[in-house]
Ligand SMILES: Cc1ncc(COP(=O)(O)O)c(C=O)c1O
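Take a look at this one chain, the form predicted on its own, written out in structure tokens.
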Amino acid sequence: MQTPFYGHVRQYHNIKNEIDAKIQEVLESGQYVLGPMLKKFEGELSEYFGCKYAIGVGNGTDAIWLVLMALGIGPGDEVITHPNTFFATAEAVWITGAKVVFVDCDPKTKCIDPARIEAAITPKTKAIIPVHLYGQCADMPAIAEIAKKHNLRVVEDNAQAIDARGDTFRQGEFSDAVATSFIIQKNLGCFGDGGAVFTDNPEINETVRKLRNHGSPKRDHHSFGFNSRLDDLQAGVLSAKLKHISEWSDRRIAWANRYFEGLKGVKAITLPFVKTGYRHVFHLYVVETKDAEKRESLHKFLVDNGIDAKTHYSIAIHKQAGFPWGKEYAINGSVENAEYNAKACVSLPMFPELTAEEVDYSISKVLEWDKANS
């Protein structure tokens, strides 16, 4: 049996008429960049997200980078994040000329550990970037308390957690801005690259809108800028999908619960941790082998049996070959939890359009490997 990792083709066929109608609307309008569909989608997005402003940009990396620029962060500054996530989080900091400071993740949630942040703060520290990893929010109330104490800015990276929240807070409530990605494999994905910035801050909104369009709010170029605009075709695709996002998140949660139930007796594997009072939307369902040396064995066994498992993210950022580029970074204290997560993680198939047969087959093969390795 073959079990895919991505379901975006199935998703397209499920709502094909809605997506095709949006694309046709854009094509007939003749306005494909900064047109009416983008404006419409930005309004829908801000309403859904519960914030004053949503700004469509070229991709998720640009979303973080442009927010940092809008906050005045650049050379000589330091930004704190954690290293067991996608390279772009740190890359966006380096593009501004600032220095990345890595601290460890929480051993259970894999998100940044608030208890490690304060020791990493120096007079040069200007911001914290918590990543809502795998679909679960970082501990934003605790992070906000630290940021307030030290007068730091907070930029949430929610590329993997568009519909996640805590029972007592929403994303954006405890930060200056939220940056997201709409690349196809995300929970809310377009048919290419795309991203957005969410904020309640009018100055960030105004500055990011200028920066994404060569420094121009309309025709007059008030400052320098860049070309980072979410085009109207992608906005149309996302507009069609947005109305389904909560339903799709619920399906992800249901499949995760099926995994949890089927795998509850495993001995050689650690299952994901869901923090009490948090809506974990399972962008990824990531297990860890208790012996990191056996990760490759599990991954190969699954792939050899037709299960398109992945490893997210198999090399911690500070150990990747990009560092010879001369980018500045520092590690504050041990990052052993993040490094272990990178060495031991395996992502099982997770998307709304999975079938019970596919999930159960994946469970059966994980159990087979676990029995042989316990």
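Just count from 1 along the sequence shown to find any residue number. Because the structure is predicted, anything quoted here is derived from the model rather than measured.
Not pictured, yet referred to below: the form predicted in complex with the named molecule.
Next item on the list: Work out which of the listed stretches, 289 to 297, 158 to 166, 239 to 247, 118 to 126, brings a heavy atom within 4.5 angstroms of the named molecule in the model of the complex.
Entry: Answer to the contact question: 158 to 166.
Checklist line | Proximity to the named molecule in the model of the complex, single hit among 228, 199, 171, 89 (heavy atom within 4.5 Å) | finding: Among 228, 199, 171, 89, a heavy atom within 4.5 Å of the named molecule in the model of the complex occurs only for 89.
Next item on the list: Scan 146, 73, 183, 233 and let me know which has any heavy atom within 4.5 Å of the named molecule in the model of the complex.
Entry: None of the other options qualify; the answer is 183.
Margin query: Whether 135, 338 and 340 jointly form a contact site for the named molecule in the model of the complex is the question; each needs a heavy atom within 4.5 Å.
Written below: The answer is no; none of 135, 338 and 340 reaches the named molecule.
Check: Any chance residue 60 has a heavy atom within 4.5 Å of the named molecule in the model of the complex?
Finding: Residue 60 belongs to the contact set for the named molecule.
Note to self: At 4.5 Å between heavy atoms, is residue 313 in contact with the named molecule in the model of the complex?
What the structure shows: Output for residue 313 is yes: heavy atoms within 4.5 Å of the named molecule.
Note to self: Can you work out whether residue 208 and the named molecule are in contact in the model of the complex, taking contact to mean some heavy atom pair no more than 4.5 Å apart?
What the structure shows: Residue 208: no contact with the named molecule in the model of the complex.
Next item on the list: May I ask you to check whether residue 131 falls inside a 4.5 Å heavy atom distance of the named molecule in the model of the complex?
Entry: Within the cut-off, so yes.
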